[in-house]
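Starting off, we have a lone chain in the form predicted on its own, written out as structure tokens.
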Amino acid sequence: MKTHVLQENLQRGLTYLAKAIPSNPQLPVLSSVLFEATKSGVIISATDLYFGVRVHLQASVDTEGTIVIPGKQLKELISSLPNGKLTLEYSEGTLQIKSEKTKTKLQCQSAEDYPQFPQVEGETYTFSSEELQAIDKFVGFSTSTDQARPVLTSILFEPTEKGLMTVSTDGFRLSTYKVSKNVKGDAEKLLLQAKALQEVNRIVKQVEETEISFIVSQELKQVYFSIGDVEIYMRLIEGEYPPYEKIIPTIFTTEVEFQASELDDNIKRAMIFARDSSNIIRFAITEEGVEISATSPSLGTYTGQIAGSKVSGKHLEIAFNAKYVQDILKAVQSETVWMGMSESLKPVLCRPSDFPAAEYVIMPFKVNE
């Protein structure tokens, strides 16, 4: 195999592969990059068996061939080289990479053991880049990172009569965002990996695509994205998603409308004292307004009045993980946020005034006096 490729093109392609190269792979070969020199150019690929990326690069190919190159070392080497033409030539287990002033040799493996990418056929879905990024922004942060419960690491895509409902939860909080788009009546629910979808959005921004289509194969349990010269493969998460509709409260005896900036400022101050107690902060809600407080055994206490809050209904004391509220404020960046609640240990519903398609549920915490 012998090919010529621009350093800047190869480096750009390797940045697309970054999240698909696992640091602790199930199979040793997965820590490498699959490098294919074909008549039409070069294809570089990486996968962790759940998420895979293939990138098509312009190149001049003298001799075709396919090899497996150590991923970390290749990425570090190429990023350290100056712009310009590189010549890559493989012979008897060794890849030689030449630039104008350098020559490097890397030991490589045969491509025989590298997993093949599937041929995905099935239902096609199309989104604007803004829609796909909004889904990640409004619900992506609520997914779990615990691989022991893979369903909770995913985002649910559920077709409804009024549009597409997207949902995420980690068991302590729930995020929903409704996309106003027509969905076929026979379309099935999908569970897409949240981290993989985040990576899709990162690549979409880099290649500046305005519309994204993906194909879903329920038979293969695979999703295929085509974004310019980049192909992305994502394995569908299998399992039964929690009945999220039952978690969303509908009856409220206490309602509060907060100025988001005032709420955020108070939470930041309270968090200084809440770090020793799992970030738990208290809200005391009365007709006079809302008081927020946090206590640290080693530092002391913080108490603050949240200016501009409008309260209706019963008095209530309730405690939250402050980070859950902060994550909502950061995602929506709304001028005001409404919260509806009924009891100190029942779920609380949050609605940002500027984004009516988004709703959030937070589970309160019991706090010992």
Partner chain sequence: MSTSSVGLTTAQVQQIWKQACAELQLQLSPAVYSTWIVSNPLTHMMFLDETQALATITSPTAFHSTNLKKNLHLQIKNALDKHTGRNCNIEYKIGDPSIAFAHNAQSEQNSQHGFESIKTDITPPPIEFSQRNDASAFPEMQSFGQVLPQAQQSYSASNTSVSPRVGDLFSEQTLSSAQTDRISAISRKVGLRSDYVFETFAVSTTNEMAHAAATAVSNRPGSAYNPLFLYGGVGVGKTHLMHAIGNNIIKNDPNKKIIYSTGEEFTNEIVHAIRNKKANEFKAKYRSADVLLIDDIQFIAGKNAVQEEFFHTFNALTKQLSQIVLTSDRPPHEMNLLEDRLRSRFEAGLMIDIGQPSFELRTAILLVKAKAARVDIPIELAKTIASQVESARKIEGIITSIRSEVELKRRSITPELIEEILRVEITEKRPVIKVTPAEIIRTVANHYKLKQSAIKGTRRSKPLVTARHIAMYLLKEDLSLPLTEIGKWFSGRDHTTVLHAVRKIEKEMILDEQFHQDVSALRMTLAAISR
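Quantities reported herein were computed from a predicted structural model and do not represent experimental measurements. Residue numbers count along the first chain shown, from 1.
Not pictured, yet referred to below: the form predicted together with its partner chain.
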Report task. Check each of Glu121, Glu219, Glu100, Asp265 and return the one that places a heavy atom within 4.5 angstroms of its partner chain in the predicted complex. Result -> Glu219
Query - Interface residue in the predicted complex among Gly93, Gly84, Gly239, Gly163, criterion: non-hydrogen atom within 4.5 angstroms of its partner chain - result: Gly239
Query raised in the report: Even though its partner chain is not shown here, does it sit in the predicted complex so that Gln26, Thr47 and Arg235 each have a heavy atom within 4.5 Å?
Result: yes
**Report entry** Contact of Met1 with its partner chain in the predicted complex (heavy atom, 4.5 Å)
**Finding:** no
Query raised in the report: Thr169 near its partner chain in the predicted complex, any heavy atom under 4.5 Å?
Result: yes
Requested in this report: State yes or no: in the predicted complex, is some non-hydrogen atom of Pro22 no more than 4.5 angstroms from a non-hydrogen atom of its partner chain?
Outcome: no
Query raised in the report: Contact between Val367 and its partner chain in the predicted complex at 4.5 Å, heavy atoms?
Result: yes
Query raised in the report: So which of 155-163, 295-303, 170-178, 84-92 is the stretch with heavy atoms within 4.5 Å of its partner chain in the predicted complex?
Result: 170-178
Query raised in the report: Is any part of 261-282 within 4.5 angstroms of its partner chain in the predicted complex by a non-hydrogen atom, and which residues would that be?
Result: Ile280
